[in-house]
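Just the one chain here, the form predicted alone, laid out as structure tokens.
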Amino acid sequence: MRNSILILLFTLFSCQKKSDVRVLKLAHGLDPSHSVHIAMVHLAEKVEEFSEGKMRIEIYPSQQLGAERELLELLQIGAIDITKTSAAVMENFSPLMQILSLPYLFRDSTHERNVLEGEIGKKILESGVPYYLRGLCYYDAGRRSFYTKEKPVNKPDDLEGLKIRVQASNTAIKLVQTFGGAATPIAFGELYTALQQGVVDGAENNPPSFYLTRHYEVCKYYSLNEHTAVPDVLLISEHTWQDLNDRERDWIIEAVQESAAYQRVLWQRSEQEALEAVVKAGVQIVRPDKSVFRDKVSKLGPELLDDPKVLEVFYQIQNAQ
């Protein structure tokens, strides 16, 4: 069924009439109120401005064209041009992306920014090119923490016996298992119902996602252990990229840089607003000792990264300033 949908979308998009205006289709799964969506609207505005109307980006939010994995598959065949995904989902397509899902990878925000905006970050972005997925930039997705229905998580042992929703990521699954929880991959769009019906006892995500999805209506405990800082990644189909001329690529690169900078400002604001909103809605914010969680998963990186080349990049990040 999914293959039929992919073929249909590819046929519809490739058969549209050509005009003097180059139209790129950008699809993602976020709500239009999310900071990343707003930053992508900014991206579209800048592309149109820099190109003087010769290039335009049409945006399809809220999983209109599919969930993250489906959108990546559409990108691979050129049925859409641009998408946003979590680096955790990208690890299923590009092994080097797995590094970004490792717990407590960055010492602090400065270390994270230096890595992602430097040569290491560029190398990770470009690792998807052989799979027709070219990374354009990272969007800030903050820190992911656990939220639960029945009891707060103050230490890793509190996760024992709990079914915790995770992304479709082997690293995320292993992380929750190491903490003692039962990792349960579920599509993000299905999570609210899964929490309501008791399919899972909790999940993990950043504050804006916890708030904008209204998961706080079901989960009344949010424990800010901040175990991972998995960024979002903006990607363009390699098919599309190779079809662009140098001037068109420059328009996109310049617009992407402005979009990423704009999103970082929006993100900081949205994090604070989200935490204030969920507290007003009756959520108990827990601030546990992060060192206990960090110690529990301290050896996870070398255990999971069995590819010597990937492990080498991991140590480069550890030694980066």
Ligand code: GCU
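Computed from a prediction, not measured in an experiment: that's the story for all the values here. In this text, residue numbers run from 1 along the sequence as written.
What comes next is about the form predicted together with ligand GCU, which does not appear here.
*Could you tell me which stretch in 148-156, 123-131, 85-93, 245-253 has residues with non-hydrogen atoms within 4.5 Å of ligand GCU in the predicted complex?*
Looking at the partner contacts, the answer comes out as 85-93.
*asked:* Taking ligand GCU as it sits in the predicted complex, is residue 188 in contact with it (heavy atom to heavy atom, 4.5 Å or less)?
replied: Answer yes; at least one heavy atom of residue 188 falls within 4.5 Å of ligand GCU in the predicted complex.
*Decide whether residue 30 counts as a contact residue for ligand GCU in the predicted complex under a heavy atom distance cut-off of 4.5 Å.*
Close contact exists here: in the predicted complex, residue 30 approaches ligand GCU to within 4.5 Å, heavy atoms only.
*May I ask you to check whether residue 209 falls inside a 4.5 Å heavy atom distance of ligand GCU in the predicted complex?*
Residue-level check for residue 209: yes, a contact with ligand GCU.
*How about residue 81: is it within 4.5 Å of ligand GCU in the predicted complex, going by heavy atoms?*
No, residue 81 sits far enough from ligand GCU in the predicted complex that none of its heavy atoms falls within 4.5 Å.
_Under the 4.5 Å heavy atom criterion, name the residues of 154-172 that approach ligand GCU in the predicted complex, in sequence order._
Residues within 4.5 Å: 165, 167.
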